[in-house]
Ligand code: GLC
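Only one chain is included here, represented as structure tokens and corresponding to the form predicted alone.
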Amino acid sequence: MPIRPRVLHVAPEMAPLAKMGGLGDVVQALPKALRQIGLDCRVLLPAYPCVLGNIEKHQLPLRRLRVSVHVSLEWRVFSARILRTDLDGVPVYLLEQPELFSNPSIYPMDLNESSALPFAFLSLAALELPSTTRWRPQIYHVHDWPAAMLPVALRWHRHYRKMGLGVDTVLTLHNMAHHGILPEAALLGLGLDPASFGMDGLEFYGQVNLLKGGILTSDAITTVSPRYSWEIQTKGGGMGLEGVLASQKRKIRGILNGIDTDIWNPGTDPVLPAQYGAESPDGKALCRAALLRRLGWEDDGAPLLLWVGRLVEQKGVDLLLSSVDKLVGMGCRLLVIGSGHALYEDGLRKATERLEGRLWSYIGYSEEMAHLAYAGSDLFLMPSLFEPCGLSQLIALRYGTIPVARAVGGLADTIIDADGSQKGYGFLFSEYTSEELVQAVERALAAHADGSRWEEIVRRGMSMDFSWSNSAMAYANLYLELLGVEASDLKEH
């Protein structure tokens, strides 16, 4: 008889309700894609002030259930009212707990016993949810260290390890740079058995590592691209946990992220002054004209380079800043949209003042501006130090803006170099140097100067399918494998 697996995604972010990075995009799109192929996927999310504000902004339904969850932490009981909304057909449970969920930035600047409580509560509240909603997940799908305490609790928590819930857990690693490090003294307040603190447990250089615990205790681990799944098992990519990950490699699999093609679709995008597609690309020129007007620039025919992302070391901002004079000197103009480390923001401001008319920057993030920039630009720069998957290059390709990227992680999985293959639709470089970035841009500009070749590169890039459909089926098969059933038993939606 066909089944409909029940899966609860537990995460601190879900776009557009709460978003600090790509994790929020995944939690928005993956459950939606899974429901479309017949799974009963739902999401548990903290009710941060921004979440409630965005529910109102997007005119989503909001219902306060007559139930609460109660979790014991730090020698007291925290309670949260359960709210429910629906986003793109996905039921979303919200934890209304103003004392814990008041940080507008979601993540604390410094993680300690106190600032970790919101994430511990999120993880443990997920295990209490079935008793209040009467909906019982078969699989808990947790995302990164903020929800990693859930599988940890099922093995080492004084109360939850004895509950016999009979559930499976999946941990998705979005970014190994963040572990969730706490002092050993935090164990008791979190309700964890002191015996969990050891080399084969939570101990990490004398401290508690929640991500390590999640890796050891989850039933399956996924990464957001195939290449990243083996990069994290190396010294360069494992961020100190490469040995732990290698010991768990039997349960690791890389599943490429996708993009929500309902949101990122130049053929229907309401923000754009003209819609276009791979087979009808004329509207892109009108988008370029509108973008240049927005920037206050005349169209001098110069290729327009785009950067959209966080201004942090991972994204290769230092390469960008050290290369900007050379890029502009090659006859390009550059548009940068992003925010992040104050040092990089200040460097970008100074460069913009120095290169007025050739460099334009927006410190912050504007969804409307990003859509127009993707549509109106020619090349997209992504010189990442490391990149678990990356969504920006997929969006850029969808909008006919060709990526120039470093061949790491998901960038290497999703981009084929146009000089290395007749099927190519991007330009890659290997070494993390300004010289290699500039050389890759030079190759891209040479292709751009050949009108017919460039049109074919753009058409190939726009024709690639980076939707969630294939990835969702890979996740569905993983869930069914954990449940011990065949893929053919999946109930049609």
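Note that residue numbering follows the sequence shown and begins at 1. Remember, predicted model here, so these are calculated numbers, not experimental data.
The form predicted together with the named molecule is left out here; the points below concern that form.
Participant: Is His179 part of the interface with the named molecule in the predicted bound form - any heavy atom within 4.5 Å?
Facilitator: Taking the distances in the predicted bound form, the answer for His179 is no, it never comes within 4.5 Å of the named molecule.
Participant: Closest heavy atom of Gly390 to the named molecule in the predicted bound form, within 4.5 Å or not?
Facilitator: Judged by the heavy-atom cut-off of 4.5 Å, Gly390 is in contact with the named molecule in the predicted bound form.
Participant: Quick one: is Asn175 in contact with the named molecule in the predicted bound form, heavy atoms, 4.5 Å cut-off?
Facilitator: Contact check for Asn175: yes, within 4.5 Å of the named molecule in the predicted bound form.
Participant: Since only the chain is shown here, I'm wondering whether Thr169 would be in contact with the named molecule in the predicted bound form (any heavy atom pair within 4.5 Å).
Facilitator: It does not: once the named molecule is placed as it appears in the predicted bound form, Thr169 has no heavy atom within 4.5 Å of it.
Participant: Exactly one residue in Lys315, Arg398, Lys212, Arg406 has a non-hydrogen atom within 4.5 Å of the named molecule in the predicted bound form; which is it?
Facilitator: Exactly one listed residue reaches within 4.5 Å, namely Lys315.
Participant: What is the one choice in Ile139, Val224, Leu311, Leu372 with a heavy atom within 4.5 Å of the named molecule in the predicted bound form?
Facilitator: Flagged contact: Val224.
Participant: Identify whether the named molecule in the predicted bound form is within 4.5 Å of every residue in the set Gln28, Pro31 and Val90, based on non-hydrogen atoms.
Facilitator: Heavy-atom distance to the named molecule in the predicted bound form: none of the three under 4.5 Å.
Participant: Specify the contacting stretch among 291-299, 380-388, 72-80, 108-116, defined as having any heavy atom within 4.5 Å of the named molecule in the predicted bound form.
Facilitator: That would be 380-388.
Participant: Are there residues in 11-31 with a heavy atom within 4.5 Å of the named molecule in the predicted bound form, and which are they, in order?
Facilitator: Gly22, Leu23, Val26, in sequence order.
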